[in-house]
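Quick heads-up: it's one chain on its own, the form predicted alone, in structure tokens.
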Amino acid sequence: MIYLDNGATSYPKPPNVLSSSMNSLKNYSFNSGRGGYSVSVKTAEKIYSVREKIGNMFHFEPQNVAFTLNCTMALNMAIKGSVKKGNHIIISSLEHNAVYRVVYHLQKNGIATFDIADFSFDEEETVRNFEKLIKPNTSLIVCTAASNVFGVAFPLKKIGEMAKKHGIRFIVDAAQAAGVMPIDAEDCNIDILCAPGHKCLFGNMGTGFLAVKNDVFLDTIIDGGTGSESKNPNQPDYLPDRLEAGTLNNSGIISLGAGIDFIHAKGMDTIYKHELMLTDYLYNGLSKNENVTLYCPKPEKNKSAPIISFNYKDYPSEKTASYLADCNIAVRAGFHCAPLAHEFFNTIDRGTVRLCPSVFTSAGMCEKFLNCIKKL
């Protein structure tokens, strides 16, 4: 199988990630920090080491990294935990439903209102589009690092500086960027970063995290046992305990740490350049086919995640994907849980076919894909 659906989840996993999963089931299947016996303590140390790896990669204090089941859960916790009744939120026109449905729910239930800032290929215009929507009660800006459908990236540093100037909390959905595109929370004034573990960070499914600045306090949406302050009916007010009720996914978290080790060993910039080289190859090949429609400029370093969306003739995107599946090529078609993005790029009638190579994808695989498209 030629796998070009890494925007959904990365495959294959690096060998060290696979071995870490087996090792963790054997040696770290103990509740971390909830027992005084040695293997529980060692498990807690192992989990903390992953917090350190995430903190170092994105510039957060390790104790401010809280693990979740996925990026969607992290975004729900970040957004709902930040909002008070009567607040106003600004999101972008390319947000995933993990953001859009959350703010829609808050508005529908009379908790907060929201507006949508249009993306622009002009970075300054994008920032102005956010800034002009600010109201006296605006408390939150939520923005994706890069579109999960079209790959275009947002100017996080400029948006973060603008948010800080206005005293507005800034949340970033890094689902398609964390691990492949550099993100510095300090430099970009990011208050909360949310990411999955199973995409560009190469960890197992069922992993994610939110990382917060030292001065950020979140209300909880999940309460329960933490192994700390057990006689207190209130959830602890310190991190990570406040945001980690219940037993952690040790195996998944440890696999995430192994994924970060793989990125460091390979080099994030090396991975990014390889994937951009492949998207460039795919883009050039598709652009020569008169039956193909592309919706964005060629992917460019620091301007795009390694993602391409296209359509063939007037076919429904699912029809094109089904043909490719018959060629043993895995792609994603449809609306990618991002109707806002499809409305913005005028593809809401049929969606798109999305291509997302990885560090394990070869030029030969991309050539076979292009040859299949030529025969369609």
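Bear in mind that the values here come from a model prediction, so they are computed numbers and not experimental data. Start at 1 and count along the sequence shown; that's the residue number.
Below: the form predicted in complex with another copy of the chain, not depicted.
- In the model of the complex, no heavy atom of His88 sits within 4.5 Å of another copy of the chain.
- With a 4.5 Å cutoff on heavy atoms, Tyr3 counts as touching another copy of the chain in the model of the complex.
- A residue is said to contact a partner when one of its heavy atoms sits within 4.5 Å of a partner heavy atom; Pro339 meets this definition for another copy of the chain in the model of the complex.
- With a 4.5 Å cutoff on heavy atoms, Val83 does not count as touching another copy of the chain in the model of the complex; it lies far away.
- Between the options Thr220, Ser93, Gln107, Thr293, the residue in contact with another copy of the chain in the model of the complex by a heavy atom within 4.5 angstroms is Thr220.
- Checked against another copy of the chain in the model of the complex, the candidates Thr138, Asn129, Asn250, Thr279 yield a single residue with a heavy atom inside 4.5 Å, and that residue is Asn250.
- For a residue to qualify, one of its non-hydrogen atoms must sit within 4.5 Å of another copy of the chain in the model of the complex; all three of Tyr11, Asn31 and Ala98 qualify.
- Here the chain stands alone, but in the model of the complex its contact with another copy of the chain, taken as any heavy atom within 4.5 Å, falls in 231-239 among 164-172, 231-239, 143-151, 280-288.
- Using a 4.5 Å cut-off on any heavy atom, none of the residues of 158-180 reaches another copy of the chain in the model of the complex.
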